[in-house]
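A lone chain, given as structure tokens: the form predicted alone.
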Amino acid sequence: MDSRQWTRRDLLCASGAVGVGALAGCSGLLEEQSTNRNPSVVENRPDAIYRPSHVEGMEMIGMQEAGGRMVGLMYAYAHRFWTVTGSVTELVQPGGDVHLMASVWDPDSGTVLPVGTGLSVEIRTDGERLHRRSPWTMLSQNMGFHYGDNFALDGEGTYTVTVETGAVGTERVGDFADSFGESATAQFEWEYSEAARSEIPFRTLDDAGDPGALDPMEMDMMPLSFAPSTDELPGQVLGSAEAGDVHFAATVVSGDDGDAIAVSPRTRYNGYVLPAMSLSATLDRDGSTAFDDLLTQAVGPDLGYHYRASVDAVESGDELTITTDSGPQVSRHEGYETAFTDVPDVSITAD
């Protein structure tokens, strides 16, 4: 098989207890237990990550190489999500026939890439354009960082879906410095039927609203947006700290332009990167301030999606304080929409 493109329609199943895998690896773990695709929103939701009302599978439409990166396209039942503006969330009710999802990643490192200048999806059938729009940047508990939206289709049949990735607009560092600066296009042929959609597993959860999260999907060919563990971070690792549902890890890395502080925030439980945050930091040394400024969003093969700033040096005993000026400005699937707001400051002391 050509390693640059896969078109087999993998049925993926999700389980709040055991994660998600290909159907062959999880047969019987998740049965069709409900015909209700829109359970009620969980009552008395905590201001934190919580177990959602339900868990569902998805089906892979295809994967394709485009412009030195991989693009994956999937679909599931149309479902609700929440948009985020500042600290205000707004519910988007389910609409249309399917929820389309796209993910873009570097095939060498497996790093999921942010598309800062926009990602668009065009859907055509019988040569006529049905939709062209930019899906939302999203976070979900079983998939992490991706792009998605609900779409109405024109009945069963063959659809051509074109994904325009746009350039990676955040600062690109390390081996990414000279890559992904241009847009790229991937095109997929999709044979849609209501019967195939109805076979996607779905079940409600008895522990909805409890603290916790769904397990990540288990994918053989498509990476998820996991942040590297603290021990795997390059450079002089300063340490880590938790605030609310965010786990912060920090390191000092060296480059052609000198040293930089790199802060990697990730979700509690699953360790997904948290994109589109506004972070600032101060570095205190012996009663004086050695650094006080905003951190810049960046992506690299070793650090993944992170936030950074140049510094003269970090010395033993320095205290790094990280301030979350705003949480991730991305849409959220259920269970994440009440989290990542009013995140307290955290401090890490360099050894």
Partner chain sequence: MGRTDRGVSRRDFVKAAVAIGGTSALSACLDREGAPDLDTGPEDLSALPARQHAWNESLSRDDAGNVTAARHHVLLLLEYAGEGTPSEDDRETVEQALRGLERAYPRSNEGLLFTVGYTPAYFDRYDASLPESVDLPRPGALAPFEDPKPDEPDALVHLASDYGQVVLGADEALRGKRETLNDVDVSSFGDVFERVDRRTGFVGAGLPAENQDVDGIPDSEPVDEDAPLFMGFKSGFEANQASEDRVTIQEGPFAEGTTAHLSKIQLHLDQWYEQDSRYQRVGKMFSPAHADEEKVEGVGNNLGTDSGLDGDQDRTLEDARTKGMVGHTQKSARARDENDSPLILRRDFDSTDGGEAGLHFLSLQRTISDFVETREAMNGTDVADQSAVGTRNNNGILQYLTVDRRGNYLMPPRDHRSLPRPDP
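The model shown is predicted, which means the values in this text are computed figures rather than measured ones. Residue numbers count along the first chain shown, from 1.
There is another form of the same protein, the form predicted in complex with its partner chain; it is not shown, and what comes next is about it.
Contact assignment for its partner chain in the predicted complex, among 198, 254, 85, 158, heavy atom within 4.5 Å: That would be 85.
Among the candidates 216, 271, 72, 135, the residue which, in the predicted complex, approaches its partner chain to within 4.5 Å (heavy atoms): By the 4.5 Å criterion, the partner-contacting residue is 135.
Whether 264, 303 and 342 all lie within 4.5 angstroms of its partner chain in the predicted complex by heavy atom: Not a single residue of the candidate spot has a heavy atom within 4.5 Å of its partner chain in the predicted complex.
Contact stretch among 272-280, 105-113, 220-228, 189-197 - heavy atom within 4.5 Å of its partner chain in the predicted complex: Of the options, only 272-280 has residues within 4.5 Å of the partner.
Residue 295 within 4.5 Å of its partner chain in the predicted complex, heavy atoms: It does: once its partner chain is placed as it appears in the predicted complex, residue 295 has a heavy atom within 4.5 Å of it.
Distance check, residue 210 to its partner chain in the predicted complex, heavy atom within 4.5 Å: The answer is no: residue 210 has no heavy atom within 4.5 Å of its partner chain.
Non-hydrogen atom contact residue 43 with its partner chain in the predicted complex at 4.5 angstroms: No, residue 43 sits far enough from its partner chain in the predicted complex that none of its heavy atoms falls within 4.5 Å.
4.5 angstroms heavy atom contact with its partner chain in the predicted complex for residue 325: Answer yes; at least one heavy atom of residue 325 falls within 4.5 Å of its partner chain in the predicted complex.
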